[in-house]
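Next up: a single chain in structure tokens, the form predicted on its own.
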């Protein structure tokens, strides 16, 4: 079997799907994208075509290493996202050829169902109690929300009080019937992270995500020493070579690689195994589309340390398109009592509605995150 063609489709709300075709008619789907940089990743995928056309898609490890090493310069959000989507599609092909879900090719199930969580609130969190109430009726009991709006490197007690008040209201309304993580989203610099985490500790959030930016990872062990709240991070790290130093330094309780950013299934399996050796839980980042989620689930169902899976159904980013819009086998993605069962179809387990994808790609918007500014006019982290 030989790879014959790669086709990318940018689709609403902010995703990109990749179709890899072969000379025997077997097709694989991947999701290579950086939110807000889809066109850039698209170009990177196209630049990798010479490494792939005419090659055997079954040689996933060799093709991965070729894409990673043969270009001399490597790593980073764009190149690793391009590799990630290609890798997902290659695993999809292999599973379809073998007539098995990918997790069966990776040793089989380590659990019967996977715990999922849902986003609530928006970029500037609001209406959270109402949203949790609605989702709770649908069976969810675990959530994530932004912990704060934009925050200066040194900010006011009023801003701290507002973030704490919101969390206090959630605990008062739901007690211990729910759990929730707080995403600082890299908006908080180290001086304020210490203040916020200390103030939030009595409310026992499930975790604090990206308490500081990944490039300030040296603060993870320092922050972990002064709080009992588990620290989560990893969506803006792109290979095991970045994760190894963070794991060795300590501080992380939960690692969150993104299967569409960090080299795909091949790389994230290695990251998950490394994390397990350091007694770090796995909770893959996935505010993306159906192929990305399907890829995450393949890793979740073979990784002992996988504890939570993010998913984007109903997330505030999904304007103009929803996760299941591009899926034929919608019933396989049913979440019951906050859990999802293994996807049983061969490959990644998602049947992509290609007609819907092609139609949606004709008028796909170029999504951009908002640019925020502080009161003094300087740019703020989003």
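Positions refer to the first chain, counted from 1. Only a predicted model underlies this, so the values are computations on that prediction, with no experimental measurement involved.
Another form exists, predicted together with a small molecule; not displayed. Remarks below refer to it.
Stretch 283 to 291 is the answer when you ask which of 130 to 138, 91 to 99, 283 to 291, 161 to 169 has residues with heavy atoms within 4.5 Å of the small molecule in the model of the complex. Taken together, 31, 103 and 333 are entirely out of contact with the small molecule in the model of the complex: none brings a heavy atom within 4.5 Å. Contact annotation for residue 240: none of its heavy atoms lies within 4.5 Å of the small molecule in the model of the complex.
The shortest heavy atom separation between residue 367 and the small molecule in the model of the complex is within 4.5 Å.
Contact annotation for residue 119: at least one heavy atom lies within 4.5 Å of the small molecule in the model of the complex. Using a 4.5 angstroms threshold between heavy atoms, residue 35 counts as touching the small molecule in the model of the complex.
Comment: the small molecule is not present in this chain, but in the model of the complex one of 267, 150, 310, 155 has a heavy atom within 4.5 Å of it, namely 310.
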